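Heads up, the chain below is alone and in the form predicted alone; it's given as structure tokens.
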Amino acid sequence: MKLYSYFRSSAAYRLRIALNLKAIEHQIQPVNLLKGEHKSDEYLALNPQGLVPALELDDGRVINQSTAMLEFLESQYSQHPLLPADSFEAAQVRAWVNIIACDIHPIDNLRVLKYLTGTLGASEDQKTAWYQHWITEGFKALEPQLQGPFCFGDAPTLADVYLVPQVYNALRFETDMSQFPKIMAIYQHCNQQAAFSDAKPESQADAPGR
């Protein structure tokens, strides 16, 4: 199995965590977004959107979109389940995850931020304010739902897989996280686990200085 990844992509970060948690043997193939490798004919044949990640299975089939990849891994690899066995509880985790996947990440990702500063002419301060506003609005909805030590109790779920990359980005954009003590406690707890710490952007082979 091969994961096409960019060290700072939060969607790829999710997959790195899940693959580590499930101890699935895989190879990471870096795709340098700054050099435009995601726009090459070779990569567009794998992912027509030109986005990372892409997950190439052992038989050569390719899955795109991180949520689809994670659901596939959950259905095919029973070790360390990332969704509760109870269908209602699993739906709760999925709903929580979708606040990040659908309501926070899409409007705060690199393409949107570049459009704000490039096409629309927003300043760097305005871009940062945009980012901080939407991530704060999303985290306000997530914070009261958390249990601990992980998002939904004693074991990591897809909620933690999505939360950690989003908090990482929030800190990178200097978002005030003091109003989210539960989120930060879970973030710190997760990063004490090897599956999470090994997936960090700075731990990747394509990170600057590596």
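Numbers for residues come from their place in the sequence shown, where the first is 1. Just so you know, these numbers come straight off a predicted model, no measurement behind them.
What follows is about the form predicted together with another copy of the chain, which we do not show.
Asker: For the three residues Gln65, Phe72 and Pro106, which mark the spot I'm curious about, does each lie within 4.5 Å of another copy of the chain in the predicted complex through at least one heavy atom?
Answerer: Yes: Gln65, Phe72 and Pro106 each sit within 4.5 Å of another copy of the chain in the predicted complex.
Asker: Check Ile28 for me: does it contact another copy of the chain in the predicted complex (non-hydrogen atoms, 4.5 angstroms)?
Answerer: So Ile28 does not count as contacting another copy of the chain.
Asker: So in the predicted complex, does Ser78 come within 4.5 Å of another copy of the chain, heavy atom to heavy atom?
Answerer: No, Ser78 sits far enough from another copy of the chain in the predicted complex that none of its heavy atoms falls within 4.5 Å.
Asker: So in the predicted complex, is another copy of the chain close enough to Ile183 to count as touching (4.5 Å, heavy atoms)?
Answerer: No.
Asker: Taking heavy atoms only, is Ser178 within 4.5 angstroms of another copy of the chain in the predicted complex?
Answerer: Ser178: no, not in contact with another copy of the chain in the predicted complex.
Asker: Which pick from Ala155, Leu57, Leu44, Leu171 sits with a heavy atom within 4.5 Å of another copy of the chain in the predicted complex?
Answerer: By the 4.5 Å heavy-atom cutoff, the listed residue in contact is Leu57.
Asker: From the candidate stretches 45 to 53, 163 to 171, 147 to 155, 28 to 36, select the single one in contact with another copy of the chain in the predicted complex, where contact means a heavy atom within 4.5 Å.
Answerer: Among the candidates, contact is made by 45 to 53.
Asker: Given a 4.5 Å distance limit between heavy atoms, list every residue of 77 to 114 close to another copy of the chain in the predicted complex, or none if there are none.
Answerer: Residues within 4.5 Å: Ser87, Phe88, Ala91, Gln92, Arg94, Ala95, Asn98, Ile99, Ala101, Cys102, Asp103, Pro106, Ile107, Arg111, Val112.
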